[in-house]
Ligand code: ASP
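In the block that follows, a single chain appears as structure tokens, in the form predicted alone.
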Amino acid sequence: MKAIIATWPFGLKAVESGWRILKNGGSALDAVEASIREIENDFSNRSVGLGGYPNIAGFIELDAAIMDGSTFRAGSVAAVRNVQNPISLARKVMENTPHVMIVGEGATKLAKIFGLYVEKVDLQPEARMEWERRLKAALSAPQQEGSINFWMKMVAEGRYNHDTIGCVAIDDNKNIVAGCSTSGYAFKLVGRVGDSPIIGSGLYANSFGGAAATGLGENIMVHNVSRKVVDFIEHGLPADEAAEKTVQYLLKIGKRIDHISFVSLDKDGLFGAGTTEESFEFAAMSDVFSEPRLLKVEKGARLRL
């Protein structure tokens, strides 16, 4: 049974795009890339793509990754600039290089080679205004410019979302693919990389299932959340129960578990999702639905359709 799932309410647009490919017999790989591109191309989104909030220096640095569970191929880019669709660049890394992960300047140069480089990138007005406000506040603080305290004040002041687009799909051939893309932690330190491009943390897929995470990358990384979910699926649990078990595992640990959410999908096309927040909304579509649906899971609970 073919199916597709994506994080957050904005994932509805992603799922609709990916489902058009799946229902016409297309591959999960194409569906996941198309789904994530849909959100990357939405410049009103402040946590994905070139519409996102910049780092503390005023530059947008993007992370993305994709993994094909049937072949264990994966591609990843991190801290890449001037690329509108980093998920497509991650796929190029997977398909056209011997590597899995390329970062920073090297990833940007690769984008030029593959025709994915954007020459001029302007911050969206809302993002620029907030960056300038924070910079002014940091500069007026009684501390030495250039010190770590100076920069951390700019990062920490206020809380902004870090809502990665994560997507998992299974096609008619039972191939499972997972992908992630994000502009990362708003006003992060230059070069900061979160969980999204890290295989096993922000995403993971094999022949049993797939998962994609969203939230605070620093916490997701230390628990290898996506790999943990798929481990439970691989040991025989359906996607919803695997998600529930993963959250219970995190809650039992009780350390560095804030702001962790994820979606999961198993080889039978069953959905799952979990969160350490009070609740988490996501989008899903499969052969048993008449149209893409927005679903919600509560903290520590199993998904109820």
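Everything numeric here is computed off the predicted structure, so don't read it as measured data. Residue positions are given as counts along the sequence shown, with the first one as 1.
The same protein also exists as the form predicted together with the ligand; that form is not shown, yet it is the one meant from here on.
Of the stretches 169-177, 82-90, 215-223, 95-103, only 215-223 has residues with a heavy atom within 4.5 Å of the ligand in the predicted bound form.
The ligand in the predicted bound form comes within 4.5 Å of a heavy atom belonging to residue 184.
Although the partner is absent here, residue 164 lies within 4.5 Å of the ligand in the predicted bound form, judged by heavy atoms. Using a 4.5 Å cutoff between non-hydrogen atoms, residue 228 does not count as a contact of the ligand in the predicted bound form.
Although the partner is absent here, residue 73 is not a contact residue: none of its heavy atoms lies within 4.5 angstroms of the ligand in the predicted bound form.
Residues of 248-277 are not found to place any heavy atom within 4.5 Å of the ligand in the predicted bound form.
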